[in-house]
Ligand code: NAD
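Presented below, as structure tokens, is a lone chain in the form predicted alone.
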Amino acid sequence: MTRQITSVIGGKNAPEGSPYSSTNPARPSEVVATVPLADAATFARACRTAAAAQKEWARVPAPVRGRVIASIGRLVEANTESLARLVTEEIGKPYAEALGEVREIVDTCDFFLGEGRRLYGQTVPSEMPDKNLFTFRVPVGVAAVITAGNFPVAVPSWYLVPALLCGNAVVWKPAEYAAASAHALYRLFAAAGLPDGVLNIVFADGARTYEGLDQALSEGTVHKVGFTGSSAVGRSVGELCGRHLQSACLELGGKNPMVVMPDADLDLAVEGALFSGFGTAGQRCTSLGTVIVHRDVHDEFVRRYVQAVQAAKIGDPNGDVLYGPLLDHKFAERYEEYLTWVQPHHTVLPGPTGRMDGEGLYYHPVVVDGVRPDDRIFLEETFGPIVGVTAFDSLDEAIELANRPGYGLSSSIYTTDPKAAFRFRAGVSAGMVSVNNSTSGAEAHLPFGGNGKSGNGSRQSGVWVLDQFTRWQAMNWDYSGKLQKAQMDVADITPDLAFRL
């Protein structure tokens, strides 16, 4: 069934734009949804609409906004199977993973519904009598949120839920190749009772979004930008925000390392490397990039890893498979370019590479052993089912290799030695570290985000994301009836500093 969907601004459909078709990557001839892609002026108009609605939404008491978030969670939970099936149909994510993705929205709502009663400020003592000091969290205003399609409903919720809870209005631009999934999530949010204009969804391509965002920033109708996507585009978004004296919340790519120490449980490490390297067809920002294996166990790890990859099922995402098709034709074309980075000194395992026979965008899993620190395949993100392997001799060398690509999102170490685990944690540049666990797998109440090429240090999820969608406001209240000047009209208690026992 082909769905006809449009952008929604101020609660009304905005059908203007150039036609686009979202297709099923398992059966690319099957159109999932058609949607008109808006122009820059439409995006800017959505931001003005959001700005007009935001002030009234901010006046709604935060605990009441928290109840709206609770309603969103219950609505998503009640529609779990339908939403997960749509995600599987539109981007080819295995149904079991799609169910987990929907569960993450519910978990996020469950966490933040209580934050409506905990948007705490502080009461601070003053250095002068008859004077009190306070701090308050205040909403930023309008958040423009731009998300990728590999997690078309979970990752958007990391932005939308806390932004709305804090009293902001939102203009959301999802990935066009996941338009139907995004539109379904928008409808669930709207059904929770959000006033018109508080949440707006705009479908547009990258160029028109950038142009419209520039216009909105110039007009002062956007006060925070959240972006999930590639490091290259994130750099452009960050530069644009910087010109308007704003700091974007950037969640970008990764070249996530997994270190396997000589004392590691190799079967456990193989299981983690299989899931993080090839789950979602290697199309997570936290997907495993390179396994960095101690030389003493390198050959045995590779043998077991290749065996596990060969045994993995790849195919129809509605079945029990490790992964299904790539997200979209553009990602398939880019992945085929990554395969050209393989060099003569590499050993390619377990066998065939490239696209599998059949209609869907299915690709063989590839393990590339013998990668070197200067190889392109070692240094750059490879979004797809390909994992590099290299060897090391000391933990210091492993940490240096882990940091060399310059990303800093997720990382992992397999070891039974606590000293090694904590040395790795202290030395690795990643924002997230796993011990005896894979590089993938975020929980809704921990900070998520990276450093370097993976982001600008901003964090999503948990209480830490509140700093993205609120500003701290300080207030002093002097009820002394006279002007008291800070640092000057302060009581002085004189000590006897010459005193000795």
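Residues carry their position along the shown sequence, with the first being 1. Bear in mind that the values here come from a model prediction, so they are computed numbers and not experimental data.
The form predicted in complex with the ligand is left out here; the points below concern that form.
> Please determine whether G92 contacts the ligand in the model of the complex, using a 4.5 Å cut-off between heavy atoms.
Judged by the heavy-atom cut-off of 4.5 Å, G92 is well away from the ligand in the model of the complex.
> Can you check whether F331 is within 4.5 Å of the ligand in the model of the complex, heavy atom basis?
Yes, contact at 4.5 Å.
> Using a 4.5 angstroms cut-off on non-hydrogen atoms, would P350 count as touching the ligand in the model of the complex?
Residue-level check for P350: no, no contact with the ligand.
> Is there a heavy atom of E381 lying 4.5 Å or less from a heavy atom of the ligand in the model of the complex?
Yes, E381 sits close enough to the ligand in the model of the complex that at least one of its heavy atoms falls within 4.5 Å.
> The chain here is shown without the ligand. Which stretch in 96-104, 231-239, 387-395, 134-142 comes within 4.5 angstroms of it in the model of the complex, by heavy atom distance?
So the stretch in question is 231-239.
> Scan L409, A281, V170, V293 and let me know which has any heavy atom within 4.5 Å of the ligand in the model of the complex.
Contact check passes for L409.
> Quick check on this chain: which one of E176, D316, D375, D214 has a heavy atom within 4.5 Å of the ligand in the model of the complex?
Answer to the contact question: E176.
> If you look in the model of the complex, which residues in 427-458 sit within 4.5 Å of the ligand (heavy atoms)?
Sequence-ordered list has one entry, F448.
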